[in-house]
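Shown below, as structure tokens, is a lone chain in the form predicted alone; questions about how it binds or moves come after it.
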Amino acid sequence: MSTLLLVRNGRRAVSLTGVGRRGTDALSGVHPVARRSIIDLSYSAHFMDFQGSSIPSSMKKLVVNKLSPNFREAVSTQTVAIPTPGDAELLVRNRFAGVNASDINYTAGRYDPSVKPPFDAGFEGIGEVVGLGLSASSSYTVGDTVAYFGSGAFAEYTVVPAKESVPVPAVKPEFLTLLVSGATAYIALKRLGDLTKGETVLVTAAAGGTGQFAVQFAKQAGCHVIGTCSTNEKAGFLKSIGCDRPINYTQEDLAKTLRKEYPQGVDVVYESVGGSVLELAVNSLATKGRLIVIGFISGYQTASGIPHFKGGTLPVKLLQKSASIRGFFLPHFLSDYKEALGSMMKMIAKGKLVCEVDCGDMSEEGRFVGLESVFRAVDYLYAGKNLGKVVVEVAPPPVSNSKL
């Protein structure tokens, strides 16, 4: 195997290889050049890149400079040097990045108060490996397509630990929907939902990024599924993925509909809105009902991040029904992550899982393309306009400059 090392200012070398992990040359059919020495200073200024296209010396990324739940106020675009991957790391050219409601919790510093600005924004990305370290080359090679769940995804290039990268068949935004949105629904319902065939499940914000998966997983478990949404278009989408009773709350009174059509209550609630919707969900629980809180988006844009909740009688309501409220935060369940992704990937391969992506094609200013469009995408999500997972196309597919 021919290996090239990158050496800068006498620092530790990292491997950059064009040879696949299966022992075949990356440029199929081309005779390899003569073996080079282990440390090749002639290559000290650049990487060996995917399909022969050069890596620029600088890139753009979104950086949190001020703690605020206002994304536009907290974040700015910066031009920085392309990062160098360490021994067990990959350099990924991002093609798509996912937008999450929690992005503004992150910019507000709510997850880890000890972290101070500046820090990188974005939770999840998917793209091509364009550089890698020596240890990482045992599992990956330049040109592999990977997805990842970690900070710094709102950037043209991101350094990602190889062990935290997920190999994917192709750079398609559908695979990106699994990393946070899909995994949250899969693991939360499996570990906390205790779903039993024939039970009734209520999914709030059902046509959103994670709601769409909760609907499908509950239906696969043999449950009757109710889904709340804000438009008839979303209601139609919910029916197409198996939702038994979509409720467009802009046209129907949600509380009255639930009392009339489900007088015995609902067994499980997958809840992400908070505030008055959470109060309604508590009141709608059946005996031994389980309410899973995966978020409370209605409060994220406020100074505290927490929507008002009338919880004075909560202990009585739970006791009278032997019901429970369970919180779910994905980083606390990473031991389940690999199995969840593997299972969902199999579902996709078998055509048993819909991954609806919203790249803003129907928005007033058009498709979300380029890092600058992340700001529009966050606004779009919080305006409740999205159908499915909001995804930004960070960069178009790479074009090879190789003449071989």
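Just count from 1 along the sequence shown to find any residue number. For clarity, every value in this text was computed on a predicted model and none was experimentally measured.
Keep in mind that the form predicted together with a small molecule is missing from the display, and what follows is about it.
Screening 152-160, 168-176, 104-112, 194-202 for residues having heavy atoms within 4.5 Å of the small molecule in the model of the complex returns a single hit, 104-112. Listed residues Gln320, Ser240, Ser304, Gln264 were compared with the small molecule in the model of the complex; Ser304 is the one with a heavy atom within 4.5 Å.
When the small molecule is considered in the model of the complex, only one residue from Ala74, Ile294, Val142, Ile187 comes within 4.5 Å through any heavy atom, namely Ile294. Contact with the small molecule in the model of the complex, defined as a heavy atom within 4.5 Å, is made by all three of Tyr300, Phe329 and His332.
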